[in-house]
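Next comes just one chain, in structure tokens: the form predicted alone.
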Amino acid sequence: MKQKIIYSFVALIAFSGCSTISQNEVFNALREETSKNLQWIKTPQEAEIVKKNVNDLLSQPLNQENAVHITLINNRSLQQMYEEIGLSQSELVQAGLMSNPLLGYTIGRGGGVTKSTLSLDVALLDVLWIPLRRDLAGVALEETRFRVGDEVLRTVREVKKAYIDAQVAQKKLALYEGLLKSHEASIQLAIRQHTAGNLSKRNLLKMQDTYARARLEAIELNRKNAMARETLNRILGLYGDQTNYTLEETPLALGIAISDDKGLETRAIKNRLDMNAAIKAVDYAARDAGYTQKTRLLSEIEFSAESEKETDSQGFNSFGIKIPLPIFDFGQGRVGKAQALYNQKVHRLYEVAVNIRSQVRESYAESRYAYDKAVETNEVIVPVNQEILEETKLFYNGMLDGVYELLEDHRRYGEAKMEAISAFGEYQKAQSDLEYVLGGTDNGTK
């Protein structure tokens, strides 16, 4: 009997040791759907390799492509999301395992007789439910992969926008530093003119007020520049000396705007990973409802085997089975819950589809308006203010205008140029939003 019990135990282990998809296979599929640059940090050694790669990328002026690369390998929020794959894959492994059999041994003595009992209890129906559980866990793993992939693409969008904000803040600050020097030269000239009696006290005070406000604006631009860099630092996962990087000096370009929105909604519905995740969630809920329906009455059946032996007597072997009687609980609660969860996921899928279509229309409109605004600012407002400044210089040289008018028009020209920088940045951020809502791009992502 002991040998039979051992053989049965070994057979169960062999049956439940079926192979399953590995974490690396799932993560490689995620790379295919998002970016080849993804890296999952699992060990201190891998963390050191990532740190070295990040420092190498930061040793040169940082461009947007490398900022995305650093984020994908160094952002700890993403690393936490990658572990969701590990959790779901572990659940898939667990779903393919039978419940451990219960091996019992008792010994008793009385009236000069010693009695020993060896027992084994096995959850028999686990053999039948394993394929169903594995199927459910496999769908859940796919849903997790799509959900993590969507978070990757969201983060790529956020780092692109943060990089653009940092770039815009730096360019505006550099431009304004030049304007501030012009203000300083003008106020020095005004003081000399006032001393010589060629400038009224009122005009001198106006210029001093303008100069003070210019310095306040410079302080505000420095603050915005620092805040923009810190936002970028957080997304990149940088600290300490790593934050001393420099941004690459590249012009803010408009590129070519998408001419119309025809077919964009269909493209987004097809490519968006959160849409795929919602579809898998419905699939999981449907299969779970079927699993619950099948196991509602016979969820647990136990097979037991016992071998009893008394002193100076032959052993006695017995076999038994335990079946739950569906008298009070027919599984109606579990079935109702599974159906409600399925309905919930269906409504969620509908909501995701509606939201995606709305996001496409919204992002396309935002991109078009931002493009038109950037063109108008760069091609009309900046040139007009430049011509105004040139005309004012002629008036000033002819002593028809004072230094205050010259300074004011110089300020307006500088503000127009900063408006153009902001408009270019807003357009590029709108493009990043549009790229995400369409399901990814070819620049470092799918």
Partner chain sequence: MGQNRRDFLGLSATLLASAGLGASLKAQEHDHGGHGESSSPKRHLTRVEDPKRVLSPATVITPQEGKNYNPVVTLNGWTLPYEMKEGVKEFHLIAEPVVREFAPGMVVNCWGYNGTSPGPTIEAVEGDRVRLIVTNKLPEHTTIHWHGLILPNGMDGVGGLTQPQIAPEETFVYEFTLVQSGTFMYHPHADEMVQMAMGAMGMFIIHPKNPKEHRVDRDFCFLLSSYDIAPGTYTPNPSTMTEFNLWTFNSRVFPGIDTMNVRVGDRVRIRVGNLTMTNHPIHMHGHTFEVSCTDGGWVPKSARWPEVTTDVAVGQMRAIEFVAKHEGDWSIHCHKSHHTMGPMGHSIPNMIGVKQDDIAQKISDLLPDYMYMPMGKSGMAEMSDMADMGMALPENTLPMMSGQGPFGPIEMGGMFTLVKVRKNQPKGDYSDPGWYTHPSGTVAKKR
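Take the two forms, superpose them, and find the largest set of C-alpha atoms that agree within 1.5 Å; that set is the rigid core. Positions refer to the first chain, counted from 1. All figures in this text were calculated on a predicted structure; none of them were measured in a lab.
Below, we turn to the form predicted in complex with its partner chain, even though it does not appear here.
Novice: Name the single residue among T106, N343, Q188, N355 that comes within 4.5 Å of its partner chain in the model of the complex, judging by heavy atoms.
Specialist: Only one listed residue qualifies here, and that residue is Q188.
Novice: Could you check which residue among V360, L273, L72, A169 gets a heavy atom within 4.5 Å of its partner chain in the model of the complex?
Specialist: Selected option: V360.
Novice: Just to confirm, D372 within 4.5 Å of its partner chain in the model of the complex by heavy atoms?
Specialist: Taking the distances in the model of the complex, the answer for D372 is yes, it comes within 4.5 Å of its partner chain.
Novice: Does its partner chain come within 4.5 Å of any heavy atom of K181 in the model of the complex?
Specialist: The answer is yes: K181 has a heavy atom within 4.5 Å of its partner chain.
Novice: Answer with yes or no whether D401 is in contact with its partner chain in the model of the complex, where contact means some heavy atom within 4.5 Å.
Specialist: Taking the distances in the model of the complex, the answer for D401 is yes, it comes within 4.5 Å of its partner chain.
Novice: Determine whether any heavy atom of Q45 comes within 4.5 Å of a heavy atom of its partner chain in the model of the complex, and answer yes or no.
Specialist: Residue-level check for Q45: no, no contact with its partner chain.
Novice: In the model of the complex, which of 232-240, 343-351, 363-371, 287-295 comes within 4.5 Å of its partner chain (heavy atoms)?
Specialist: Checking each option against the 4.5 Å cut-off leaves 363-371.
Novice: At 4.5 Å, heavy atom to heavy atom, what parts of 260-278 sit next to its partner chain in the model of the complex? List them in sequence order, or say none.
Specialist: Contacts from 260-278: D261, E265.
Novice: Once both forms sit on the same rigid core, is the C-alpha displacement of A420 at or above 2 Å between this form and the one not shown?
Specialist: Not so; A420 is displaced by less than 2 Å.
Novice: Core-aligned, is the CA shift for I187 between this form and the one not shown 2 angstroms or more?
Specialist: Yes, the C-alpha moves 2 Å or more.
Novice: Superposing on the rigid core, do we see a C-alpha displacement of 2 Å or more at I164 between this form and the one not shown?
Specialist: No, because once the rigid core is superposed, the C-alpha of I164 moves less than 2 Å between this form and the one not shown.
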